[in-house]
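What follows is a pair of forms of the same protein chain, given separately as C-alpha cells and numbered structure 1 and structure 2.
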Structure 1
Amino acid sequence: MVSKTEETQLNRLENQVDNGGGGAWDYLCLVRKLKVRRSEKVFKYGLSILNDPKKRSALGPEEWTLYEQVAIAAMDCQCLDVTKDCIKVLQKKFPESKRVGRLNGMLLEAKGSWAEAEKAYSSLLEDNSLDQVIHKRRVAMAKAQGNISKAIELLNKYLEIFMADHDAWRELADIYVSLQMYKQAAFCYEELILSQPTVPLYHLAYADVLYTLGGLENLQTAKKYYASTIDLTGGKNTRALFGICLCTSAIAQVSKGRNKEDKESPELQSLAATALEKDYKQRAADKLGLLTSALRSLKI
C-alpha cells in the first residue's frame, strides 16, 4: 500500500517530468518500486528513453527491466505492437527466460487468445509449479472470461500452496461476497485476521460479513469486531461506529423475549452514537439532522 508521503513524492516527480523538468528515469523507477499503475505515463516516458540509443545505453543492465516495464504498460494502453517489439528484444537477449515467457502469455491474454495463453501458462508451470505470478495470471484470465467458478477453484488450489498470500485471500473473499457466499467469505477474513491481526480493514470486512449473515451469535461477534476496528483506528472509523449502532439495534430485535443475560449493556452503542454525532458536527454539520433521525430510528 502506498503511503501519503510516497504518493506525494510520485505526483511531484510526475508533474516535474510532465513540465519538461527531467527525471523521467527516476519517475519510472519510483513507479516500479511502489508497484503502482501509471501505464500511460510509463508508456510515454519509457518509450522515449528506449527510442534514444544514448539514453538507453546509459541504463546498463536496467535497460532490460525498462523493456519489461514498457511492454506491460503498452498492453494496458492497447499498443500491442509495441509490446510485441519489446518482447522480441527480450527474447533475443534471454532466449530461455521464463520471465519473458510470462510476458508472452500476457500478450496472448491482451489479444484475447485465451486458449493459447492457457497453453503457454500450463507449459511454464510444468517447468516451475511454484511460479506465483503465473498462477495469479490464470485466475485473472478466468475472471476476464467471466468464469468465476474456475477463478474460485484456481484460487483455492493456489492458497493450498501459498497460504500466507494475503492478497489472494482478499481476492477470494471479494469474489465470495460478490456471489453472496458469506460463510465462505467469513472464513477468508478469519485467515487474514489470524495472519495480520492489527490490520483494521480485515476486522471491518469480517464484521460486515457477519452482520450480513445475521443471527444472534453472528451479530454479537460482528459487534466485537466493529469494536476492535474502532480500537485499531483510534476511534476514527465512521463505518465501524455505524456498525456498532446497527448491531445493537439488530441484537435487541433478535433478543426480544429472551433472558436478561442475552441482552447487552447500552454503554458501547451510546459511546458510538456520541462519537458519530461529534464527527458529523466537525465534518458534515449539514447532515447532522439525518444522522440524528437515523439513530432515532434504531432506537439509540
Structure 2
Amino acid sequence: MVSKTEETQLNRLENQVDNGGGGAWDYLCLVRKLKVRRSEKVFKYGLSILNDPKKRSALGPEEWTLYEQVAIAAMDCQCLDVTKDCIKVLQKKFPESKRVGRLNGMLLEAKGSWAEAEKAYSSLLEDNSLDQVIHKRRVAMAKAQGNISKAIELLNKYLEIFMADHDAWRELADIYVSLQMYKQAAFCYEELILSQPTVPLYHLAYADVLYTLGGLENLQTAKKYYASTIDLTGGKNTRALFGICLCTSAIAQVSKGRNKEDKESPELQSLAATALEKDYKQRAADKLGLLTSALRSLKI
C-alpha cells in the first residue's frame, strides 16, 4: 500500500535521480519496498550502479538483490542480453538456488518460449509443489498467452489452497472485470474487503462493480461503499465523490416510478458536489465550468 507520504518521497527521489542528484540506491530500495513497477528507471540506474565496481562493492551483500531487481526490470524493458548476464552472475554465486531457477523461467517467458518456460516451472514445482510464486507465474503465463479461461482455472485452484493471498484475489477480480463477469468480480472484492477492511481502494473498486451491475439494491450498496471510501481517504478521493453524485442520481432515476420512500436525503449528494467544486477550484480551475454543468445535469 503506497501512502501519500511514500508517494511524494518516491516522486522526489525520482526527480532527484533524474536530474543527476545522486541517491539512486535509495530510489531503488524504495521502489523495491513499495513494489511499484518503474522498470525503465530501475534498469537505467541499477545498471549504472552495477557497472561501477566501486559502487558495487559499497553495496555489500545487497548486490545480489540488485542483480535480481535489474534482471526483472531488464526483462520488462526487453533487454534480454542484460538479463542473461545478470542471471549468469547470480547462478555463479548461488548455483542451486530456486530463486535463480525462477528467474530463468521468467527469462524464457519474456523470450516467448512458453513450452520451455512451462517445463522449467513444472520441474521447479516437482521439488516444492507449494511454491506460491511459481504457481502465480504459471497463471501469468496463461494470461500472457491469451488463454484467459486457463488463467482463471489455475488461479481458482491456487486460491483454494492459498486463500489468504490478496494479490491473487485482486488479480482474479481484474480478470473477471475484463471479461465483464461482474458478479464473480464482486465476490472477489468482497473477499478482499473482508481481509483488509482499511484499504479504501478495495471499497472503491467494489462500489464501481456494484454500480456497473445496476439495480436499486446494488446502487444503494454502491453508494454506501463510496461513502466508506470517502471516510477512509479523508475526502481526498475524487472518484468516490463523483461516485456518490452518480449513485444518487441513478437511484433517483430507478425509483422514479415507484412509490417514493424518500429515505434518501439529498444532503450527501450536495455535500459531495460542494467538495468536488472546492477540489476543482483548487487544482484545475479552468475545468470548473465543465464540472458545474455536469453536476447540474445529474441533479435532474
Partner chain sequence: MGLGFIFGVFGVLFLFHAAYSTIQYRGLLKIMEEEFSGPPMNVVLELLLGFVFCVSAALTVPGNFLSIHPDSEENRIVSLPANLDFMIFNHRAKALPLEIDMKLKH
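Structure 1 provides the reference sequence; residues are numbered from 1 along it. Predicted, not measured: the structure shown is a model, and the values here were computed from it.
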query	finding
Pair member which, unlike the other, is the form predicted together with the partner chain	2
Of G214, V89, E191, A144, the position at the hinge that separates the two rigid parts moving between the two structures	A144
Relative rigid-part rotation, degrees, compared between the two structures	15
